[in-house]
Each structure stands twice: as C-alpha cells, then as structure tokens.
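Next up: just one chain, as structure tokens, the form predicted on its own.
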C-alpha cells in the first residue's frame, strides 16, 4: 500500500509532497568524499583526547537536560551569553525549532512565510515546509551576493515570519557584503526574525556577534559539524534572551546526548586554539586549491570564505560529476537544480592527497 492510497494520507501536511527524503549519494569503496563539507580529521592526539573525554559518561543516566557545561563552552566560543542559547542536533534542530515555533500566520494570511535567498542551504526549505510555512526564494545576484532591492521587495510583498541568511552561504561559498546584510536587517525591523547562519564562519574568520548585538530581531546559528566534529552533531541558535526562553519550551528533553555533550564541551574548553588554527589551515589549503583549479581551462572558481569551493565547469556538470566519480572522486553537482546552476559543482576542501586526486581527475573530466 502506498501512502497515497492509505487512509492516513489525508492527515499529512500537503507540503510534504514537495519534498524527498535526504539520502546522501552512495560512494564506491575507496572513493574520495569531497561532497559533504566535512573537514579533514583533527590532529590525532587531539582526536584521541576528545574521545577519551567521554570515558566517565554513565550510560544508564539521562544526559544533563540543560547541557550546562556545554552551554558555557559554546557561549565562550560563539561570544554570547549562555542564556541566549538553544542547543540541538547540529544546526538542523534549532532551524526546525525556530520554524515550528514561529509559524503563527500573520493577520490576513493563511500561512506564515519563510524567506530565503536562492540558492542556499536546503534545510531551511525542508524544515519550513514540514512546519507548515510557505517558502519564498529571492535569487542572488550575478556575483552570488544579496540582491537587496529584490529582497526588500519580497519582504514587503510576503511579510515573512523568518528570513535566513547563511553567510558564508552554502553552496555559493561567499560571505555576503556587510552593507547588504545591514540593509536587509533594517528592512525586517519590527517585522520578522533575521537568522544569520554562521556554520562556515570559522573559515572566514568573522562572525556576526557585533551585528546581532543592537538588534532585537536578529539571531545567529552555529555548529561544530564543519570544523572536524561532525559526528557529535552539536549545534545551536543564539537568540534574544526572551525569545530563547520561549523557543526552548519546544525543545525535546535530553536532545543533546551525554557523549556529545562531554566531547564537545571538552573540545571547546581544551582545544579552542587548535580548532581555530585548524580552520585557518583549511582556509589556506582552500585558497591554494582554488589557485590550482583556476589554472584548468574552462573552469571558473568563485571566491570562497568557507571550507569548500563553488565552481563553474562551463558545461553541463552532470557528465563532469560522473567522470569524477568514475575516477574515485565524489563531489556535489547542481546540474539538476535549474538552468542557472546546471554547470556548477561544489567541492569540499580536504587533504593535500585528496586535492591531488581531484585536480588530476578534473583535468581529465573537462578535457
């Protein structure tokens, strides 16, 4: 029996028909994975110390419901007050919490609206539709920066509840221009929550703490997933304190497990300098890889502030993706995402050895 023919199908949100389950691309054994924006392993000694930091976890006990130690460590890392934090499974859970709790339609509207630039992180759309919001997208300009006039017009037209700005943006890799972000924030004053997603901020060396501070309608998102700790699935929202108190009411109890709490807190307490230095080293390898890839005829590599590169192969990216995979290199292709993205690939920065394999395979693929 399919869900369409099930008597329960009428109970589902109709927006789910617009979604597909997230299934990562399968990679052959031995394939170099450069598709998920994971960072290379941390120093072996640091990794071992982080693993040992959970030795005292009692498996028969629930974790600390408030994640007190982790909350203090994240607050120090992210430059905020512990009381502003809502912690979750990666940044995906805080995104879903924000959208589900801020889903009250405004007067005269059938549904609340989530506004996003496009292209951007797909989970904004997935979580918004799941929570029953409508999603409206505003295309980025020709340089993948915010089109402020179009964005302000969309704010006026759709009167959104929530607007997400990932900066640096995924998949375009760039940090939006500060003046454009400021203009969008100003246009949303007293109208909606602006969420500045800082998942890739460690690789740009800049966050939005000072931008958020004077604005009661601005929030920030963060995660440890991009800096070598993806397995822990620890993320957070930084919110105005009163809003954090209300959003936290909807958070599932014990949502961050005890092992993740122990390891993440230890990593941030004992190895903050090493984590930041590792992000800087990845950024340096990113820039070196960009220079090498830019030497390949027909390839355009855009400036990156993240731990990945956004590149135009000058043709349908599908066959290029297939050729790379046949040579044991898995990247992310956007050839099915519409005409503007048909020639674009996203490549995660990795180790020097992986970079050599990528460059060799890409030279052959675009010949």
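Residue numbers count along the first chain shown, from 1. Just so you know, these numbers come straight off a predicted model, no measurement behind them.
Keep in mind the form predicted together with a small molecule is missing from the figure; the text below concerns it.
A.B. asks: Among 175, 226, 286, 220, which has any heavy atom within 4.5 Å of the small molecule in the predicted complex?
C.D. replies: Residue within 4.5 Å of the partner: 226.
A.B. asks: Only one of 91, 161, 261, 127 comes within 4.5 Å of the small molecule in the predicted complex by heavy atoms, so just point that one out.
C.D. replies: By the 4.5 Å criterion, the partner-contacting residue is 91.
A.B. asks: Has each of 170, 199 and 233 got a heavy atom lying within 4.5 angstroms of the small molecule in the predicted complex?
C.D. replies: Every residue of the spot touches the small molecule in the predicted complex.
A.B. asks: Only one of these stretches, 274-282, 162-170, 208-216, 237-245, has heavy atoms within 4.5 Å of the small molecule in the predicted complex; which one is it?
C.D. replies: Heavy atoms within 4.5 Å of the small molecule in the predicted complex occur in 162-170.
A.B. asks: Answer yes if any heavy atom of residue 95 is within 4.5 Å of a heavy atom of the small molecule in the predicted complex; otherwise answer no.
C.D. replies: Yes - in the predicted complex, heavy atoms of residue 95 and the small molecule come within 4.5 Å of each other.
A.B. asks: Using heavy atoms and a 4.5 Å limit, would one call residue 121 a contact residue for the small molecule in the predicted complex?
C.D. replies: So residue 121 counts as contacting the small molecule.
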